[in-house]
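We begin with a single chain expressed as structure tokens, specifically the form predicted on its own.
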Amino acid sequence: MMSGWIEGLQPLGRLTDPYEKTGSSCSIVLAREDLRDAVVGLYEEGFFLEDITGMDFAEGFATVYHFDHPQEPCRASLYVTVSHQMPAIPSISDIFTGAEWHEREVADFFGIRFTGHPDPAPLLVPDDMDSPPLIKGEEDRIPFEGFLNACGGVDKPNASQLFSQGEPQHALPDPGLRRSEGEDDPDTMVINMGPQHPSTHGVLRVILRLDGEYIVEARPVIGYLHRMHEKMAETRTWVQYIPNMGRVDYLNAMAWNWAYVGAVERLAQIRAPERAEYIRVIVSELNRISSHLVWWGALLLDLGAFTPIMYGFEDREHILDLLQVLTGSRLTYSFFRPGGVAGDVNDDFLKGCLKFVRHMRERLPMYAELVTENIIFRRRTEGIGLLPLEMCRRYGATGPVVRGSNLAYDVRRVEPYSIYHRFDFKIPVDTGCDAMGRYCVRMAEIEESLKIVEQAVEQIPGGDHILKKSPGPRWKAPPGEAYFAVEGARGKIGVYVVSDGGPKPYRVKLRAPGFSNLSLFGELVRGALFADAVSILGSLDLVIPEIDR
């Protein structure tokens, strides 16, 4: 799979740890001038860009590019290093369009500049911020060579040589405010959706340029809810950071719990008891259903129908009641632990899960009759927001967004984790590639999650819900790195952790699916009617705190 894109390259180093230990199938260190050739090779072999991560070391900055393949577990990680004095790397946004936002985020947090970037304006931080928040003090930096050795070592004997690269010859981009093309065109007008518009599902602003009723340009403006979760990770112990996960995506907190804890377990080679894995599956699938119910009701409310959100929230209450008894919370769960879960389930909880499964199955036909078959709703969604599969790949779209474009990419199947391989369930897809297709995928996923919950409850074994010697508040993770991904309600959630052997993470990178899914909105709505912007936004299922982090 990955031999072709490496041919012709001369990697400076190669990390040798296997996928089971780090979450990557191939990790190489590249010279800056070889980056674009490697990325072109990955693009031609069908990979998509997951995220770009910046890191600060004693010798300089390192930028990590994570790519994955939509048909098999095959993560490729590229490491490119630059000096602190001239941190400039070639942009890859003309190859993978979604890299435009990822590169702007790295520039915001580390001050790294990407030559050739089309829009280097700040994305998540204020325009006048002069101190990138993730740059470390000299006393806190670890040697890059030590990091490489912890990750399996490289071929070069002296890692400091990796930073002695020549500087780019052309000028760096100006990180000023973006000026739209056609800004002075008298035949167009600019309007704002947000930042308080109720249809944007959070504090999101979309700047729209219209030619009559048609959208010429749409530019999402994010960052209003930015809380710097990744910086907080560096000030908390490995276990103390878990509550942050419930606040990244308040509608799908269980999945974020799992992604972070899974990364820590992979880093430390910890395996949770089998009973804990079943509990994780049950609560995660219940949380997926509750998230889809909120999306369903909110989408219809955006389109002018009030009744569905009342039904959706009524059914969601059954799930929240179950999870409240188990976790003590109804929204921002902090339930997972390295080595298991915080509490065990009892027979009443399991019976309550089966009761909800029966109840929800009785309700779904009413949902279909009320909404799915409603001619007004279909006119607002069918043929609206046509999203080709190739656009999904260029932006790294995942979850129901890409499955609504007829690609059965689901982390639970393609990159299996936990015990999902034991359950019988389908990956719904739709050939419509439109807002209706994305709607139908999520509605079908509710039924599939009910099937998983039912099977997990019937098969759950006895035993412990957590390791007897699970990591405590002062636990120190072994040095190294690990990447762990789960299938969240909005798509692929990925957490990349780096440890220097201390009680706190050296670096935590959160891969939010909504970040990539929203980044394609500007291209997706170009030429669409202004009235359709709301249904297209709703079909993406956006949770803005997850996007901003």
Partner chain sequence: MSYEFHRFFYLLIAVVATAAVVAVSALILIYLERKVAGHVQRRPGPFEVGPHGVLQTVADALKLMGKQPFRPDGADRLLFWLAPILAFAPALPLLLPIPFGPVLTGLEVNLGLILILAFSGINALALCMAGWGSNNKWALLGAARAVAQSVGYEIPLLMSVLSVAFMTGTLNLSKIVAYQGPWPWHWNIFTQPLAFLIYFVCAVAETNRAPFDLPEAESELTAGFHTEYSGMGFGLFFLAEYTNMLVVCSVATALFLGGWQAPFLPGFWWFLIKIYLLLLIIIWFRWTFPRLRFDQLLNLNWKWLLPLGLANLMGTALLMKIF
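Residue numbers count along the first chain shown, from 1. All values derive from a computational prediction rather than experimental measurement.
The next section is about a form of this same protein that is not shown, the form predicted in complex with the partner chain.
Within 4.5 Å of the partner chain in the model of the complex, heavy atoms considered, which of Pro126, Gly472, Gly304, Gly463?
Result of the distance check: Gly304.
Which residue, Phe349, Tyr241, Phe109, Phe377, is the contact with the partner chain in the model of the complex, using a 4.5 Å heavy atom cutoff?
Looking at Phe349, Tyr241, Phe109, Phe377 one by one, just Phe377 meets the 4.5 Å heavy-atom criterion.
Check for me whether the partner chain, as it appears in the model of the complex, comes within 4.5 angstroms of all of Gly46, Ala76 and Glu415 - heavy atoms only.
None of them does, since no heavy atom lies within 4.5 Å of the partner.
Check whether Val534 has any heavy atom within 4.5 Å of a heavy atom of the partner chain in the model of the complex, and answer yes or no.
Within the cut-off, so yes.
Please run the contact check for Glu314 against the partner chain in the model of the complex: heavy atoms, 4.5 angstroms, yes or no?
Glu314: contacts the partner chain in the model of the complex.
Considering non-hydrogen atoms and a 4.5 Å limit, does the partner chain approach Arg363 in the model of the complex?
Contact with the partner chain, yes.
Flag Pro478 as yes or no: does it have a non-hydrogen atom within 4.5 angstroms of any non-hydrogen atom of the partner chain in the model of the complex?
It does not: once the partner chain is placed as it appears in the model of the complex, Pro478 has no heavy atom within 4.5 Å of it.
Pick the stretch from 207 to 215, 117 to 125, 247 to 255, 431 to 439 whose residues have a heavy atom within 4.5 Å of the partner chain in the model of the complex.
Looking at the partner contacts, the answer comes out as 207 to 215.
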